[in-house]
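The chain below stands alone, shown as structure tokens; this is the form predicted on its own.
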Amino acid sequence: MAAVAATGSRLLGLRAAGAERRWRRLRGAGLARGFPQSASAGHAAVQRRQVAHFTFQPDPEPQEYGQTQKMNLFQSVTSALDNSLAKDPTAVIFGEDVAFGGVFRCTVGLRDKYGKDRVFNTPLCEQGIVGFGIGIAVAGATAIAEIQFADYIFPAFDQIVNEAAKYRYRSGDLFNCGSLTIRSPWGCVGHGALYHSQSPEAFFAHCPGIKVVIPRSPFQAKGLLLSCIEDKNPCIFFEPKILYRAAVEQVPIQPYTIPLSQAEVIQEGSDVTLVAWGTQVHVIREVASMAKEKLGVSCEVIDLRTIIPWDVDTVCKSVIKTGRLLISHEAPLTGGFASEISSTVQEECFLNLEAPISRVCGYDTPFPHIFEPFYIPDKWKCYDALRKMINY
């Protein structure tokens, strides 16, 4: 019933999207003049699409992995998948529309290169996609499943939490599905509204037996995805879809890996520790620059990268040095993964804290459409929280 309901909901969404496209065509053709409009409506719409709540900051070009090529994030994902299919003859990619390249073009060209038996479409059934992936992983294949949007991963929740995560434990390690990787576009995109903007990582962080990884850039995405595919545990790899085209940097052509469960200190500092993952890393990097310029405050910026199992040591070591911690993520505040980080740091670093730990997150509401700019934890909200910590 859940699959049927999800299908109906998505069909209604497609119908609404089609109606919106027809309306735009009518407006463009000048056929909507009979409807009342404000004089600035068109200008406001253009302005809204141009505004971004972050500035992507590329990493320095890597030198240790050979020749590099300029790639955006979706191209780096394609490169990682290409490397996996070329290296591992048992690797298969499957999901909704992946044979056609996928809605974000992450699998474009792979079916033509490797054949329809290794890159193929599935029915619109997330529960079936993950269940199939578990089955072929148990049989010895490297299974790379795509859930078209993270918002639609919930029909597969039972398969992930009660099957994939527990398969090894249930059989005493006689059988396992550790070669399963689930990819999914994740996070806000500027116009995704309720069903194309969610950040559900905290739901899975409560589930032992799986790993959850979120990259911040094309270079990170390729290395971390290859690590997930090669890892001996089921992994969920969330890809910040707003970065698919907005993030561009030099990425090695050859395969390489980045260790899982190791956070990265991307800027050292002495006064405040800032922790985030995915797109939000670029927000807090801007906040660190603002704090230095306006307040003379030195911020240490940490990209968590792996949500579960997360790197407690790196975060706590930083907080012991700075005495202050700000955590930011797009997901709602209550029950978000910032709560787990905050609780652990409070237990481990209590005597080192100079101010209460601050969480700057999304609101406890469904993700809005036109009010997205007010919902997201932008640099101004983070800066305000940082300033209050300094003045505590």
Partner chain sequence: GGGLTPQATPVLLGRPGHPEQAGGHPHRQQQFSSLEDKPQFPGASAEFVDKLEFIQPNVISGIPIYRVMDRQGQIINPSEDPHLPQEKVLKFYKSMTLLNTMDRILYESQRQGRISFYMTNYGEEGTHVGSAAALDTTDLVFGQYREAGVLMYRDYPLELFMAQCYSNVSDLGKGRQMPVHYGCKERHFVTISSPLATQIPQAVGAAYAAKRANANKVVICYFGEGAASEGDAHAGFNFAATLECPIIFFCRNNGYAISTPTSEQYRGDGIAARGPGYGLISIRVDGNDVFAVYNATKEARRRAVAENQPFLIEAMTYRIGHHSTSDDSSAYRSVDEVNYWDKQDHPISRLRHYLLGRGWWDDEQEKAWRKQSRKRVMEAFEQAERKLKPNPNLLFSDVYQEMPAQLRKQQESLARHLQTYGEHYPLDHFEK
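Numbering follows the first chain given and starts at 1. None of these values were measured; they are calculated from a predicted model.
Keep in mind the form predicted together with its partner chain is missing from the figure; the text below concerns it.
Enquirer: Residues in which of 268-276, 285-293, 206-214, 236-244 have heavy atoms within 4.5 Å of its partner chain in the model of the complex?
Expert: Going through the listed ranges, the match is 206-214.
Enquirer: Is residue 254 one of the residues lying within 4.5 Å of its partner chain in the model of the complex, judged by heavy atom distances?
Expert: Result no; residue 254 lies far from its partner chain in the model of the complex.
Enquirer: Should residue 128 be classed as touching its partner chain in the model of the complex when contacts are defined as heavy atoms within 4.5 Å?
Expert: Output for residue 128 is yes: heavy atoms within 4.5 Å of its partner chain.
Enquirer: Is there a heavy atom of residue 135 no more than 4.5 Å from a heavy atom of its partner chain in the model of the complex?
Expert: Taking the distances in the model of the complex, the answer for residue 135 is yes, it comes within 4.5 Å of its partner chain.
Enquirer: I'd like to know if residue 165 sits close to its partner chain in the model of the complex, meaning any non-hydrogen atom pair within 4.5 angstroms.
Expert: Yes, contact at 4.5 Å.
Enquirer: Any chance all of 70, 196 and 357 sit within 4.5 Å of its partner chain in the model of the complex, going by non-hydrogen atoms?
Expert: Verified in the model of the complex; spot residues all out of contact, no.
Enquirer: Just to be sure I understand the contacts: of 191, 317, 87, 170, which is the one whose heavy atoms reach within 4.5 angstroms of its partner chain in the model of the complex?
Expert: Going through each option in turn, the one that passes is 170.
Enquirer: Just one of 153, 258, 297, 141 has a heavy atom within 4.5 angstroms of its partner chain in the model of the complex, so which one?
Expert: Spelling it out, the residue with a heavy atom inside the cut-off is 141.
Enquirer: Would you mind checking 307-333 for residues with a heavy atom within 4.5 Å of its partner chain in the model of the complex?
Expert: Counting only heavy atoms within 4.5 Å of its partner chain in the model of the complex, the contacting residues of 307-333 are 308, 309, 312, 313.
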